[in-house]
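This document opens with one chain alone, in structure tokens, the form predicted on its own.
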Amino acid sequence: MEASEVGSLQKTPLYNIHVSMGAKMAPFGGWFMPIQYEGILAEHAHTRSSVSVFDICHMGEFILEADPVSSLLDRIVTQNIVSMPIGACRYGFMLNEGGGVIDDLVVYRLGDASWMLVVNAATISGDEAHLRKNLSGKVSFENISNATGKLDVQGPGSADALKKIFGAGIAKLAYYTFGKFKLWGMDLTVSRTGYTGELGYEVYIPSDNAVRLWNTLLEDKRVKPAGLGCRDTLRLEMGYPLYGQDLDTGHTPIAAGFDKFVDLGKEFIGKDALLKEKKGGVKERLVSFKSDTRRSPRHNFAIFKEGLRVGTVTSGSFSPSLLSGIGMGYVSGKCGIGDKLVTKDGNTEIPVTVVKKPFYNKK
């Protein structure tokens, strides 16, 4: 990569740390991010068996002071946030009028009328514009993305590692809840959430203290750094979607198979389109498939069934846990569990079988 290209990309507060650790760096969503340190396979295995820390400072965070009903915030997201207790997080979507996914996000209820929205890095500006356009009445909106660092601590040993820093209260957090924890005179938000399928936590910290927290975490010999390469294989093994690939404005949550994060009992932007789609049926839907070999279908491979092209691969990778290729893609027509497909790119042909999500299950 040319030096000028690197200069045009944003860098997280930990950029120099990653470089000094010999991380392989690459562009990701407008940022220059660590892809791997020791190697994707080793980092994947360590996260599944012990505990890893990920630099996710590129994610976006918004703070809103707003009544969820009168401000229309509840109408902008698909999940029911009015019923959320303080200290809870909920995953869902922001949709356009056609039901297409503008972004997937997590809503944190900080107080009766206080919220944090965590959004994807590449969609920060678009999400802010969409929210400002559709919010109404008395609302305070602050984009704190640049001022906020985010470190994800993931793996079976993550609670024990964080207890040493934040105390025993960490272990009391239930899945998709968060709390405030004192560290170095600051009140930090720590949530029991993540993108790996393992026990894990996400720590929000002022960006100028992110390096200090990173170094403190790595003082524990059980904790190793992990890059976005293994984060992708970990999330794919769980069937978690990646915005811009498995989710986009051209597909609805219904087509993607994430209906459970859409509350059709309330009003929200795009609801009419979803109801119409549920009644008439989706034109194409996201399916999961496993390669018959170690070979891995990749993003944008064509998908064929009985010699006819029926779709396109959205995500694909080698699964370190299953020792085979896995992936997801949108297909049209009838396609059920156990059906045989072929993914193609040029002269490369990889037979795959449609399977249920998640691909990986510890049990």
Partner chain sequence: MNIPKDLFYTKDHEWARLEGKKAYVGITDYAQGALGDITFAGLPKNGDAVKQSDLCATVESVKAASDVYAPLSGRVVSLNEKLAAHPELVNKSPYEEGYFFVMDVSDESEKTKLMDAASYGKYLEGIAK
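Residue numbers count along the first chain shown, from 1. Since the structure is predicted, the reported quantities are computational estimates derived from the model, not experimental observations.
If you look for the form predicted in complex with its partner chain, you will not find it shown, but the lines that follow are about it.
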Q.
For a quick test of understanding: in the predicted complex, does each of D232, F318 and I350 have a heavy atom within 4.5 Å of its partner chain?
A. yes
Q. Within a 4.5 Å heavy atom cut-off, is K340 in contact with its partner chain in the predicted complex?
A. no
Q: Classify I40 as contacting or not contacting its partner chain in the predicted complex by the rule of any non-hydrogen atom within 4.5 angstroms, answering yes or no.
A: yes
Q: Find out whether any non-hydrogen atom of R298 is located within 4.5 angstroms of its partner chain in the predicted complex, and reply yes or no.
A: yes
**Q.** Exercise: R294 in contact with its partner chain in the predicted complex, heavy atom 4.5 Å
**A.** yes
Q. Counting only non-hydrogen atoms, which stretch in 109-117, 253-261, 232-240, 166-174 is within 4.5 Å of its partner chain in the predicted complex?
A. 232-240
Q: Determine the residues of 71-98 with a heavy atom within 4.5 Å of its partner chain in the predicted complex and present them in sequence order; the list may be empty.
A: none
